[in-house]
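In the block that follows, a single chain appears as structure tokens, in the form predicted on its own.
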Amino acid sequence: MIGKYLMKLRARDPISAEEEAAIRESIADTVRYPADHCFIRAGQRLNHSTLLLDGLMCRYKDMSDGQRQITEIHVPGDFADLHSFTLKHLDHNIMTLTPCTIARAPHERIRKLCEDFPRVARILWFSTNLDACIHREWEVSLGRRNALERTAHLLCELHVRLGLVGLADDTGYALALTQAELAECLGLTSVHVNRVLRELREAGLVEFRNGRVVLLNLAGLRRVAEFDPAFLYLGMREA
């Protein structure tokens, strides 16, 4: 059930059989949601955290004029709101972008997991720090990268993150998002996103069609984005 989450953890930290059993015990149940379903609202009192098992979801904020800004995309193996364990409510919304299966970890079980396995507690803390790293990189994109660079950077980021859980390879990956949803990630209009994707395709770098990102020249795409995956803290970490 939580295989992709364990795969993501083991890409950076060794997980013992005892720790794995305790992590599995922290999960209470699973739920399926349809696409475009907001299942956590800003300010809502929370007593559990949400682990994405399958599909794509996002965090976002609504604007008073009806627009919204997506602040992070979550892929299978991500906790979308682990920080709610300490905050108890969020200042943003969480919604599905595609049909999703999630697992719910009650905060009381997370508390026990952290008390019984302090090393796992540090691993969970690391994952919330990693979310902050991703947010900072998105902030740089929105503030300083041009439309071509920020689009290329997001496609490179998702390639790495999906690759960690076996959902991407050197040829590409599935990405069942609309251009409107990409626009909400990138702070652009749908028309502008369409133009940028065409430019990337004509440059022989990447194609985005039928819900799939086809990598034509990954090295070239990374050069355009000035993509440095260091912000994702890949590889095994020191104990």
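The first residue of the sequence shown is number 1, and the count goes up from there. Just so it is clear, the model here is predicted, and its values are computed rather than measured.
Only in words, not in the display: the form predicted together with the DNA, which the text now covers.
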{"property": "Answer range among 24-32, 41-49, 191-199, 54-62 for contact with the DNA, defined in the predicted complex as heavy atoms within 4.5 Å", "result": "191-199"}
{"property": "Full three-residue contact with the DNA in the predicted complex, heavy atom 4.5 Å, for Q69, R136 and V160", "result": "no"}
{"property": "Non-hydrogen atom contact A147 with the DNA in the predicted complex at 4.5 angstroms", "result": "yes"}
{"property": "G204, heavy atom within 4.5 angstroms of the DNA in the predicted complex", "result": "no"}
{"property": "Heavy atom of T171 within 4.5 Å of the DNA in the predicted complex", "result": "no"}
